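One chain comes next, on its own, written as structure tokens: the form predicted on its own.
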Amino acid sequence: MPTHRIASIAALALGLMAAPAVAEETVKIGVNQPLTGPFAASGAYVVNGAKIAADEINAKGGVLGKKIQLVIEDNKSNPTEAAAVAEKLITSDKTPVMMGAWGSSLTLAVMPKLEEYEIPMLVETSSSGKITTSGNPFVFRISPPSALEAEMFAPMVEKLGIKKVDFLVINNDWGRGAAADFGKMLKGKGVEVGLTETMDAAAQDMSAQLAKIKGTDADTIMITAAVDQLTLLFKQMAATGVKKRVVTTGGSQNPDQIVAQAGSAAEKTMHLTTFLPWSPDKTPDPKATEYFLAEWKKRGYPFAGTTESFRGYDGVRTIAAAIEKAGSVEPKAIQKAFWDVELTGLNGPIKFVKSGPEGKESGQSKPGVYLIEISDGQIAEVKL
């Protein structure tokens, strides 16, 4: 055998021997987010927030004496891809715990993989009720389900004088779930629910749906969509003369980005959000909020991204807390330890309560939910 061939085999053998040792030097966390496709802007913000948390934790010594290593994969805003990414993170990258997957349809597509491989996942954004009620004990969510958003919004319904509502939502689990949960709450308060119009996540022209809504006697439109689509909607509403109260749900609006991109078309729109970066002193942990905002700015990221990125920051901090409590990187130990996690996130206490069928409960935390309004190009909290 030629000597260079022998050398190559020896090098390969050494590499294989070294691989497990390298893997043991870090604690891997899989990150399954949309970095391309219609939800790419939001996914990128979440990832950058996660990086800030990992860097902060690593600067303080990491977890279990090891550095955190984020293994970041792009689910391309596609449910099939999200499931494939989860399988890769589990089987190839050997991540014992994951964070994901931004959109509800993406997260729901991943969930069977969690059960198949018995790997826990921290859900940082998705709001579909099915995520924590379908009986998946490997799911721990820090974002509010749409039913909780609706519950928190309920006290404002009478104050705002809402009498009849039409819905315009993305045609996926996130949008349809929001329409169902808010519709149920509104009917319970004696509010009439009118049309429910849907749109594809990548749709650019919503004129047909807006024409129908313009012709109804509803005083309010509740909209569930990602930020780029919202800015298009507001511009098209202004162009077609749709003048009704607007309330967006889902906490993925980036109000600053809406102001910058939609301008006067966004005036007087209202948005349910789960973080108040405009008022750090009003957040549950002002010191942590100030650190996060300063670090975000230092890295050159746009302020508009903070209403998404904080989810990645809190998500990684929560996972790190679970790993520390587990005292191990074994998936089952981390899964069990999530139930003992208690920390203050940027939008409220993070502590999981059981949700779903007995014996197969998922974990659901109860974050803060706030209503803000864009007025004169500024963002102000509307007191609930």
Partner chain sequence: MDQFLQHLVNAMVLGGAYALLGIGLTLIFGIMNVVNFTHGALYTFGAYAMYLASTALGMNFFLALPFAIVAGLALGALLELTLLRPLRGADIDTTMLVMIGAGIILQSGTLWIFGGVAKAIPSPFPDAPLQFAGVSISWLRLFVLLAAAALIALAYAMINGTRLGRAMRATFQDADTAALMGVNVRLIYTATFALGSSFAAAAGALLGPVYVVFPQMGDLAAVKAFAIVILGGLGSIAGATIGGFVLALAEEFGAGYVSSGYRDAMGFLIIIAVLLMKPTGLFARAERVG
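Only a predicted model underlies this, so the values are computations on that prediction, with no experimental measurement involved. Positions refer to the first chain, counted from 1.
Just so it is clear, the following notes concern the form predicted in complex with the partner chain, a form of the same protein that is not shown.
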Legend entry - Which of 149-157, 309-317, 286-294, 257-265 sits within 4.5 Å of the partner chain in the predicted complex, heavy atom basis: 257-265
Inset, instruction - Would you please decide whether residue 40 lies within 4.5 angstroms of the partner chain in the predicted complex, comparing each non-hydrogen atom pair? - result: yes
Legend entry - 4.5 Å heavy atom contact, residue 245 and the partner chain in the predicted complex: no
Inset, instruction - Spell out, yes or no, whether the shortest heavy atom distance between residue 118 and the partner chain in the predicted complex is within 4.5 Å. - result: no
Inset, instruction - Indicate whether residue 279 is a 4.5 Å heavy atom neighbour of the partner chain in the predicted complex. - result: no
Legend entry - Residue among 163, 187, 212, 299 with a heavy atom within 4.5 Å of the partner chain in the predicted complex: 212
Inset, instruction - Report the residue, out of 191, 232, 71, 180, that has at least one non-hydrogen atom within 4.5 angstroms of the partner chain in the predicted complex. - result: 232
Legend entry - Residues in 320-358 close to the partner chain in the predicted complex, defined by a heavy atom within 4.5 Å, in order: none
